[in-house]
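Okay, so we've got the same protein chain twice, two forms, each given alone as structure tokens, structure 1 and structure 2.
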Structure 1
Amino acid sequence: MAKIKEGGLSTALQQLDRRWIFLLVAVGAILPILFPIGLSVTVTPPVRDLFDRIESLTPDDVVMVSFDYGPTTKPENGPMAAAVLRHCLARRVKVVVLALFPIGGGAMATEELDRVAAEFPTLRYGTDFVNLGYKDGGQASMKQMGEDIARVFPSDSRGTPLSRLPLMQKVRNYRDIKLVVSLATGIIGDWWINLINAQFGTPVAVGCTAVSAPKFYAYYDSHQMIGLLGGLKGASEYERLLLDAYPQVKPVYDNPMIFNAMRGMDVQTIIHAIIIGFIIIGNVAYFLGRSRAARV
């Protein structure tokens, strides 16, 4: 064993300081954010189905966007939330935002809606979009909204009674909602499908973390939901469709200070390539060492 470690390429590879690995991973993560590579994005049917459904809506239609995630999954759910909101507002489709996730869901809803709405200065709060805020109760609250949303949310996130908001005067329950999009980190996405779609017939789409995507594909394949954004990859596909259809949003996605899924996929691809490269290096070092040991 001592002879294997004496000189040669195998020894150099085996004794490579792990800090070089950390440095390369850091560079691979930072550079694509500052200088986007723009790797190609292939759009899958579940993502296109959701995009096409929103494209088919008119300015009189209403989409409900439920923020069912917290800060821990913001890197995955945040970009898809922004893309869906941006798409709806670009089409002048009315948006009703709410949060059912207890750990930071309300904060995520307010943050994303305020940031995206600022890109559309001609649209007005209360008329074109509304933030109902957070409500505890899970399935009980969801089911109650099927009868009367105002009974669950008497006022919006700003404390304004719903009766004073022009948009909410037209939206009483799910019959007035054309589509629900749940941006989910856990089981709440399942509830929208199993409860709201099944019992009220309201079309549902889900944007979920990558680890949750496999179970939601079963719902999609059985037509219990009309679209699916699976993790950062799904979000990047939606961003690609949005950019192709609405070039006016390009400055937002070119801004290096705003994280988006396409840039995130560039980072992920580069880091995966680095990891694969070091796996190859490790195997080369191992087999060179075995060869040297056999000769000795």
Structure 2
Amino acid sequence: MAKIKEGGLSTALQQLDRRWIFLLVAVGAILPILFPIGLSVTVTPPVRDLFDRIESLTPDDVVMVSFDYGPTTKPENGPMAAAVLRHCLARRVKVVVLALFPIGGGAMATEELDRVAAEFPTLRYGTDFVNLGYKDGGQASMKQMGEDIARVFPSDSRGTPLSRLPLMQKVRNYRDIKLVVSLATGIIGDWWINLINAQFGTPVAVGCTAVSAPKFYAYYDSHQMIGLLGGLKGASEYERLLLDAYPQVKPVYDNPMIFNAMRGMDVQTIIHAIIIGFIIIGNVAYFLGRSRAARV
């Protein structure tokens, strides 16, 4: 109180210990996890475009899903990976999964594919979906797959030669792929667009972290990619579309033990409100302090 009297409210606010803000943000994160609000999700065109493209595919078509992220961005990329895989498998579209991100990309691919594939017991590994595993080399590996995927991935993640997998007997290179979906945390998503789409013409969509979303909007606007999931918000929109079109997946999204983007957006909204509040308070304190200094 003495400090407030001495320097005024503006000084006290400007000298507020930042740990109080951390504490408030933590409370704002914990409460909506314990007591979900269920805010509505509005769908934007980049997300709908990807959803519609997968909807247009037939069970004979093949989608390549590249896990280009690791555990560090799993809260953002994980829900979108699960939603895209779930959508493809629900439509009986064939899925080829691979990973190009070195720190945990392979583990993420195996974890998500195993979890989602278990929801579709009639689908068979090797015939309906395949996990090629992780490969080093980035652009070199991606370019080589344009000629022959088996040269880059002689065997799948389980060590089975590709020639023994019925699905991979039909998929030789990008010409046999209808769509590539890259779930990316960094520059690998760019490579799918400016290397593979540009040189092979394969349609590409990217599910990226929010940090890199503004960059990908430029590719989306120039029609170099057919759809974009930007961060947790993009993932929540895709989940909304999936739930509306496939009610059979509802139990998965109702399960409180499984994290999903729609519940995450509840927390996101609360924390954003707190941050906006502090930005306003900070600006008010700054201008109050400035006018006070001008008077003195």
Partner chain sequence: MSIELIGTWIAALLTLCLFSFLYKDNPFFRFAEALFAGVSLGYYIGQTANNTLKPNLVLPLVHDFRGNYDLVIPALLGLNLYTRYIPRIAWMARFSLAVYVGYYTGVNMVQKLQGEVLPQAGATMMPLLGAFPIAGTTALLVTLAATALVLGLIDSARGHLTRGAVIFVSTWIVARVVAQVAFPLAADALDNLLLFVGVIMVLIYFFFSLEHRGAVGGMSRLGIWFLMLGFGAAFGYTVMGRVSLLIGRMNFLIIDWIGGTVRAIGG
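Numbers follow structure 1, counted from its first residue as 1. A quick note: this is a predicted structure, and the numbers were derived from the prediction, not measured. What we label the rigid core is the largest C-alpha set whose atoms superpose within 1.5 Å from one form to the other.
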message = Just to confirm, one of these is the form predicted together with the partner chain and one is not; which one is it?
response = 2
query = One rigid part pivots relative to another between structure 1 and structure 2; at which of G234, M265, N77, L179 is the hinge?
reply = M265
remark   = Rounded to the whole degree, the smaller rigid unit turns between structure 1 and structure 2 by 23
ask   = L24: how big is its Cα shift between structure 1 and structure 2, in Å, with the core superposed?
value = 6.1
key: Per-residue CA shift, V284 (Å; core superposed between structure 1 and structure 2)   = 9.6
ask   = After fitting the core, how far does the CA of I33 move between structure 1 and structure 2, in Å?
value = 3.3
